[in-house]
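In structure tokens, one chain follows: the form predicted on its own.
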């Protein structure tokens, strides 16, 4: 890859291996890079340890979503999901275990897939993207068994509320929809942009990030990042972050968020921004926490750069991996 391609690279997605020792990252050129965290974090790490052990083209279009199961890395490109065995990737073999396409309404349609999550209750894969619908695939058989329709524009993000078995989806239409995964029926619809304290009409109404923690939900995008109590269906805190947020997570007593601007924001549940930690990319798309094993406990963030920042202490950047 030449200097011009590197200059225009964006990292859209990340996923840690089930063992927590490897990180996969997907970019706008359809490539997936696999990094060894154990090599990069070792005391005698060199510059070479911060380069991928494997880099391959997985899709024609950008890799907007990556997700790991117990055995496979799932990647989503334009209209297609591919699975790669982690055991094979670590051996540097890049043959896909399988590829599947959701059943779209027309054969001419190739909508991007923006989000994938697993429903652990029935081992199904839930995907959302450019055709405005949520498609559910049985992981055992590889068949798409249902379609959830309701969004009027494309879907950006998904999350799963395990205790209630609910799927949450956020879209370009400005709605967060909550679905019962047992019946596939809609339960609630929150139009965040209609709440005055959250609305930012100058940015639009789209919802680009969602996260849940028991009865709490985080959402943001065009509207300000806000914390909602799901029983009362009302926002309890609105975070004064200037740009649009693209990913937010709950971590211990903090909320961590990335989006426009070269920093990770640490926010308190009450609505205050506690810290903004500087990053290499000027704008961020993805934040991932590797909490699977204490030895490789890191936060990684990627965005408008070929570099992925690694934080061992979540308060400052330790080093960067690079494509």
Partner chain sequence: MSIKFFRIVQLAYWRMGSITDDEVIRKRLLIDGDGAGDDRRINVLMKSFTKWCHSNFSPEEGLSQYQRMLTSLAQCEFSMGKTLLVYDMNLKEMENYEEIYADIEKSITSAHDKIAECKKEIQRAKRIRKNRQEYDALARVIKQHPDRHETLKQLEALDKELQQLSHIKENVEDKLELRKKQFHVLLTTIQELQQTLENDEKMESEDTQESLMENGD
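Positions refer to the first chain, counted from 1. Computed from a predicted model, the values in this text were never measured in an experiment.
Missing here is the form predicted together with the partner chain; even so, the following discussion is about that form.
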remark   = Of 29-37, 52-60, 65-73, 268-276, the segment with heavy atoms within 4.5 Å of the partner chain in the predicted complex is residues 268-276
key: Heavy atom within 4.5 Å of the partner chain in the predicted complex - residue from 234, 143, 152, 184   = 234
note = Among 86, 195, 160, 216, just one has a heavy atom within 4.5 Å of the partner chain in the predicted complex, namely 216
request  = Would you check, heavy atoms only and a 4.5 Å threshold, whether residue 252 touches the partner chain in the predicted complex?
outcome  = yes
request  = Give a yes or no for residue 101: in the predicted complex, does one of its heavy atoms lie within 4.5 Å of a heavy atom belonging to the partner chain?
outcome  = no
ask   = With the partner left out of view, is residue 188 within 4.5 angstroms of the partner chain in the predicted complex by any non-hydrogen atom?
value = no
ask   = Does residue 229 make contact with the partner chain in the predicted complex, using a 4.5 Å heavy atom cut-off?
value = yes
